[in-house]
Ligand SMILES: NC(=O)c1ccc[n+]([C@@H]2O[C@H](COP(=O)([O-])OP(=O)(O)OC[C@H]3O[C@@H](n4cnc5c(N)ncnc54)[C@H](O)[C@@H]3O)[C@@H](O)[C@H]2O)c1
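The chain below stands alone, shown as structure tokens; this is the form predicted alone.
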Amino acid sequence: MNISFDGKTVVVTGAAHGFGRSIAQGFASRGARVHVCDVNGAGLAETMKLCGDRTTAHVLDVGNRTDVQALVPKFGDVDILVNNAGGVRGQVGRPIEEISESDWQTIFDVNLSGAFFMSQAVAPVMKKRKSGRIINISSGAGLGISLTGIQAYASAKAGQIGLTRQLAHELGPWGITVNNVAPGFVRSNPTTERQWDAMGEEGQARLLQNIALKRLGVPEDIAAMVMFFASDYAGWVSGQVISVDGGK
């Protein structure tokens, strides 16, 4: 299967490392013009080095609707949007009684509101052109429970899956597909490295035992599914959630 994105304009959020960086590299290596966004400017600079001169970096907090609405129109005709920005914002699992309003909201801002704001910003251009691809990156936590134990993370990722299905039906009449990739546990960034270390050898062994393929994946596995959803091969696929987790 030869997938090319020559002449396409792609936006990838959360592109400073991990999944987002691999996704950006995948599009850039296949001919796309890629706009990478993140709050981490230093990480974006490294992503640009790896992706080459077809990539432009933008420091952006996707949870800030005003900033999103100001920046995204500057990208012109966006063909593909990948809502990858997310994470736990430095939080760890704690009892429900200890969770503040700010703890709850900050995770929703990046994982769910950000996906909505970015989709809202690209929708007018995609509607005008009667085509487009939106791919959301959720998590196995949105389909079950979170290994982190963080209530807001599991809830926001489940909400993002619901948003995917709703937008697929709303935007479908304009030829816009909306799909979702739900990764399993991948050692892709400093947060997941800390989680892996905290499991200890026994916990790591249990995690691997519960995976059908008995091994962890890599960020490129997630990027590969994104490439499929964004390609012409997925032209009649919308509102779908695909787990990329080695089999559960």
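In case it trips you up, residue 1 is the first one in the sequence shown, and so on. Since the structure is predicted, the reported quantities are computational estimates derived from the model, not experimental observations.
Missing here is the form predicted in complex with this ligand; even so, the following discussion is about that form.
- Residue contact with this ligand in the predicted bound form: Arg165 places no heavy atom within 4.5 Å of it.
- A residue is said to contact a partner when one of its heavy atoms sits within 4.5 Å of a partner heavy atom; Ala57 fails this definition for this ligand in the predicted bound form, lying far away.
- Although the partner is absent here, Lys157 lies within 4.5 Å of this ligand in the predicted bound form, judged by heavy atoms.
- When contacts are judged by a 4.5 Å heavy atom cut-off, Val62 counts as touching this ligand in the predicted bound form.
- Taken together, Val39, Ser138 and Tyr153 are fully in contact with this ligand in the predicted bound form: each brings a heavy atom within 4.5 Å.
- The partner is absent here, but in the predicted bound form a heavy atom of Val110, alone among Ile161, Ala123, Leu71, Val110, sits within 4.5 Å of this ligand.
- You can rule out all but one of 206-214, 48-56, 27-35, 185-193: in the predicted bound form, only 185-193 has residues with a heavy atom within 4.5 Å of this ligand.
- For the partner-free chain shown, Asn84, Ala85, Gly86, Gly87, Arg89, Val110 of 74-110 come within 4.5 angstroms of this ligand in the predicted bound form, judged by any non-hydrogen atom.
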